[in-house]
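Given as structure tokens, the chain that follows is alone and in the form predicted alone.
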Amino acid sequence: MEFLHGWMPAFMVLATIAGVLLAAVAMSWLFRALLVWVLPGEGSKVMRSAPLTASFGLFVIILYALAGIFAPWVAPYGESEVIASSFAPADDKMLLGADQLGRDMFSRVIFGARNTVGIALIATSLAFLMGATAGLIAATRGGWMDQILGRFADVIMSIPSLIFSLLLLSIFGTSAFVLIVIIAVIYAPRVFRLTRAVSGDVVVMDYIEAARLRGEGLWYLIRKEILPNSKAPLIAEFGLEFCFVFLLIAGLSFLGLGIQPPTADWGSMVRDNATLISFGEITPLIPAAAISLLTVAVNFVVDWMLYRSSGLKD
């Protein structure tokens, strides 16, 4: 009996993990069935062959998006509203307890979805706009322009992103606008390299040469010929870049140079409540789990998109 009693906590942990996995599988299957029923035509056919990991990732992404968009209506309290004492435990009014200033943790996690994910999405979109445009122009023009843009991208990529961002934020400040621009500048060269490589394979095709002989201009070649034949890997790369940007913003906020208080942010929430770990509380792990869950979900969807774009279809 003593032997079984000693192993009981481990059995409970394994049972909990198994229950969570079974619940995730069931939820993913139900969500995929719902999408197959709701989406029309080709969308229904695509989702019918989608793996459960992809449907799980889509479910999490949609859930985060809804939480961020409708945060003022979903959260029971305001983003910076003080309603209790510091580190107050969870009760019937506060689902996750209070943080170091007495603000509702559940409300701040909901608002954090809007702030952290929203800023990461804007920064990723700006990085993609700059990097993809430069990559398409470099691949189409070639010559000295390709060399200049390529060397400039190499210089930025040679500097570690975290150190580079910390340096620039220390110089230019830590406002949301500056944070978005700096992250976009740091990650645009990565997008440039991929776009340049993908577009370089398309530029040498016969239909591109035929379009040039017809007298088509640069922007026509990019919009009508090159970009439509390069969009699959670029869309998948957008998801990967979003994960990198999202984790960088959370890391900068943890270090105090990202999203600034009193704005709710998952990275700073982990830092501000880290002392609770010493007392056996899991509250700081909740925003960390939110970061990890979204990263895994986006990677699930990106893997599925890469599989579909590779031509290895069932």
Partner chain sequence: MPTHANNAERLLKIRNLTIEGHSDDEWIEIVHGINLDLHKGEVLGLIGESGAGKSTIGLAAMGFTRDGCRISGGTIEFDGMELTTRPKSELRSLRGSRIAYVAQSAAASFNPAHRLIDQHTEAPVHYDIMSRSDSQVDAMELYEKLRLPNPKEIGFRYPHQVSGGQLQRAMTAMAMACRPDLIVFDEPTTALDVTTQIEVLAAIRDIVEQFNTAAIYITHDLAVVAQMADRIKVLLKGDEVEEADTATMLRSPREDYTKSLWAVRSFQKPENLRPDASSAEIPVVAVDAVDASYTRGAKVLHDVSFDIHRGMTVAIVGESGSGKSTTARCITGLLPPSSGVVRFNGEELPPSYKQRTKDQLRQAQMIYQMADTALNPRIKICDIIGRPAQFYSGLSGSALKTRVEELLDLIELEPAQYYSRYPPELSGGQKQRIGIARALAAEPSFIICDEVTSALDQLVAEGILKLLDRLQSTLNLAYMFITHDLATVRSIADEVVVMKEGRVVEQGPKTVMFKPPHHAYTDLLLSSVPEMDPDWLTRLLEERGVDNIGEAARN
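For the two forms, the rigid core is made up of the largest set of C-alpha atoms that agree within 1.5 Å on superposition. Source: prediction; values computed, not measured. Numbering follows the first chain given and starts at 1.
What follows is about the form predicted together with its partner chain, which we do not show.
- For the marked spot (197, 234 and 237), a heavy atom within 4.5 Å of its partner chain in the model of the complex is absent from each of the three residues.
- For the options 72, 89, 228, 102, the residue carrying a heavy atom within 4.5 angstroms of its partner chain in the model of the complex is 228.
- In the model of the complex, none of the heavy atoms of residue 81 sits within 4.5 Å of a heavy atom of its partner chain.
- Taking the partner from the other structure, its partner chain in the model of the complex has a heavy atom within 4.5 Å of a heavy atom of residue 49.
- Using a 4.5 angstroms threshold between heavy atoms, residue 177 stays clear of its partner chain in the model of the complex.
- Mapping the unseen interface onto this chain, residue 144 falls outside it, with no heavy atom inside 4.5 Å of its partner chain in the model of the complex.
- Stretch 216-224 is the answer when you ask which of 72-80, 119-127, 216-224, 102-110 has residues with heavy atoms within 4.5 Å of its partner chain in the model of the complex.
- Taking its partner chain as it sits in the model of the complex, the stretch 234-256 never comes within 4.5 angstroms of it through any non-hydrogen atom.
- Annotation: Cα of residue 215 displaced by at least 2 Å between this form and the one not shown, core superposition.
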